[in-house]
Structures are given as structure tokens and as C-alpha cells.
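Just the one chain here, laid out as C-alpha cells, in the form predicted alone.
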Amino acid sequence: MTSAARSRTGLKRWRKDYFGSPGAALMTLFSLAALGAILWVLVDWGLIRATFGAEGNQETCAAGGGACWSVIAVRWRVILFGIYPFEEQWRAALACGTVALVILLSCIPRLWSFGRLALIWTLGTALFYALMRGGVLGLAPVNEQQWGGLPLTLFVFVATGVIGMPLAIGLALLRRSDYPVIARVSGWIIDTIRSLPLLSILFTCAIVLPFMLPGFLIGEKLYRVVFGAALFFAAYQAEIIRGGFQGIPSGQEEAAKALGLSYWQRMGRIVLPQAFRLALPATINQFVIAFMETSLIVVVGFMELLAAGNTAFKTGDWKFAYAEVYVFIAAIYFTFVFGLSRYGAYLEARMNTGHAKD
């Protein structure tokens, strides 16, 4: 079928779905009218009658009657970087760029091999930590308690995935072990963690563990919190991977055994790739949830992106502009989550068409 024929077929299907009956046509027109009205209100408030520029204040914004984006122009450093030292914020910005570059490189199919991805993430993580922590290459040291805003959110998210995914794979493999004791213990660990709220795990790691561990094992609070978030992520992701395992026909692993492949060869070359393919939609959703849950670390004393936004409008004369700050932060979250969702859809389409390489 040619592209023109596919377009005509799609147009006919669209007309049938949305205008195939009087009721469907009326509902479609009503929905379009309501959507247009909402969009007009948002455009009128956010663009037409809005106040831009750092010179804006409450009086000028009230006179305009629209959004006061001046708060973003004046307080964007606080929103994005929190309490990170002002004169060192270029490092935080560069660290965010490093994370973005690593993620983009990881999305290139030609780089999809364990060695290449491991090298990319190892170098990227080392550079991010060196920029944020300092103490090397002449950079002034900055304590983890001073990290905040977008860099802290990205650090917690990336560290949760990097630590949590191997833990999830290990727990999923242990749960399907041929030894009943190992399978039951791993299942008990997964179910116990999943039965606890993430907030309770974060509180335990941040506040309770220092009273239970010897001094040399306590470490920085941020790393304890990241480990707790990674453990929570791993428990849910392990069940997602286990669901992928159950979708693989048992005959494939039996055939691999007949060919003389070892356990790790069967897992690495046959079972795990297919399990991840089957579990891809749920895995993408789990990463989206993990990114959104980074906002919970504010309860244990860290100024992530949302907390930094609250600080931006609650200090100074910007308390009236809270909506604009929240819209700005929502745009950041939306950009990341929407991009991750679309990339997940691309991966699903690519895998369904059977293309292994470019």
C-alpha cells in the first residue's frame, strides 16, 4: 500500500471514529470547542497579557492581568540550582549537561552494547560527581548538603536507576532459582520492600540507620537516601522483569540447555533480552515513576527541584507568583517525562519490527 493510500485509509477511519454518527460528531465538536476555550485562556494568561523581563514586580504584573514570568527571570538560579554556591553554579549547569549528553548517547542504537554503555555511564557519572562535589582539578569542594534543584533531582534519579536496575535483575533471577530457599528468601525481600511506603524507607535510611550502623558504615545522608530509593525501585522492577520471564516460552531455555550453553550464557543471550523486550512498557513507566518520586527527598532535608521552586517564590516579594513557578517546574518535569515516554514508544516500535541494527 502506498503512502497516499494509507493516508486516505487513515482519514476514512478518523471520520468514522469521530464523525460516524450524530452523537459522535456532537461529542467531537463539543470536545474541540472546550479544548479551544481552555487553550485560549492559557495563551491569553501565559503570553498575551503576561509580563516578561527582570524589571517586573507585583504592581506591573497585576496591571497586565496575566502571568508574571518576571519571577523566572529573577529567581531562575534558585529554582534550578537551589542552595548550591552562587559563584559555582556553572559547575551545576555543566553537570546537568553531562547527564543529558549521557542519556542522549545511550539512546543511539549503535552504542547499544554492554561495554560501550558501561564506559559512557562510568565516565559521565565520574564527570558529574567531580563537577558537583569538587575537590579535584582545582574545583572548590561543595558538600552534598548544598546540592539542590535540578542537578540533585537528576543525580537521585540516575543513581536510583544505575544502582536499582542491577539489583532488580539479581532479585528477579534469584526469585526464579531452582533452589526453593533462595527463591523464597528473595521473594520475601521483594514483597517486604514493596509493602512499605517509599517515605518510610527514605526516613529509615536518612535517620534510623545512623543509630544502627558503626561510624565507618554510615556515610553521607544523600547516599543512604539514594540507596533506599534504589532498593525500592529494584523491588518493583524485579517483579516487572519476572513478568517478562513468564512471557518467554519454556522451550527456548530448554533448547539453549540442549545446545550446551551455560546458565549465564542462557540468561545473557536468550532469556534476559527477551524478558526486557516484553517488560519494556512497564519498565519505562517505572522509570517515569522513579523520576517523579525524586521530589520526596525533600522530607529528609534535601532541596530538590520542587523544593527549590518553593524557596524561590516564598523568599523576597514573589509570593504572589507561585503559579508561574509551578508552571515552570511542571514544564521541566513534562519535558523529561514526555521525552522518556516517546523514546519508549520508539523502542517498542523498533523491537516489534525486528530491526536489531541500523
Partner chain sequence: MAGSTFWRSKSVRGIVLQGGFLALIAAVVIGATLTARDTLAAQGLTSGFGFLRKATGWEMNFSLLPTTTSDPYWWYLLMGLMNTLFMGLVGLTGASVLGLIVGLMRSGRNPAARLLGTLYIELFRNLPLILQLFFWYAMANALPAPRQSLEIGGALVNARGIYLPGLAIGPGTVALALLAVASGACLAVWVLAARRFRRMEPQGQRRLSLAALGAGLALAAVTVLAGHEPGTAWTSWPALAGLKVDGGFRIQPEVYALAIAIMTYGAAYVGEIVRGGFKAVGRGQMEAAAALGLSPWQVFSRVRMPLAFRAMLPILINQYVWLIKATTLGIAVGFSDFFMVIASSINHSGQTFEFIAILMGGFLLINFSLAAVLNRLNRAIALKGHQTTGVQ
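Rigid core (definition): largest C-alpha set, two forms, superposition within 1.5 Å. Quick caveat, the model's predicted, so the values are computed rather than measured. Residue numbers count along the first chain shown, from 1.
Although not depicted, the form predicted in complex with the partner chain is the subject of the following passage.
Although the partner is absent from this view, Phe81 stays clear of the partner chain in the model of the complex, with no non-hydrogen atom inside 4.5 angstroms.
Though the partner is left out of this view, Gln265 does not reach within 4.5 Å of the partner chain in the model of the complex, counting heavy atoms only. The shortest heavy atom separation between Tyr179 and the partner chain in the model of the complex is within 4.5 Å.
Shown alone here, Phe52 lies farther than 4.5 Å from the partner chain in the model of the complex, counting heavy atoms only. Within 4.5 Å of the partner chain in the model of the complex, a heavy atom is found for every one of Leu174, Thr192 and Phe338.
Of the stretches 156-164, 98-106, 180-188, 127-135, only 180-188 has residues with a heavy atom within 4.5 Å of the partner chain in the model of the complex. This chain is displayed alone, yet in the model of the complex one of Val41, Leu47, Leu32, Ala63 has a heavy atom within 4.5 Å of the partner chain; that residue is Leu32. Residues Ala323, Tyr326, Ile329, Ala330, Tyr333, Phe334, Val337, Phe338, Ser341, Arg342 of 323-342 are found to place at least one heavy atom within 4.5 Å of the partner chain in the model of the complex.
Annotation: Cα of Tyr322 displaced by less than 2 Å between this form and the one not shown, core superposition.
Superposition of the core reveals a Cα shift of 2 Å or more for Phe30 between this form and the one not shown.
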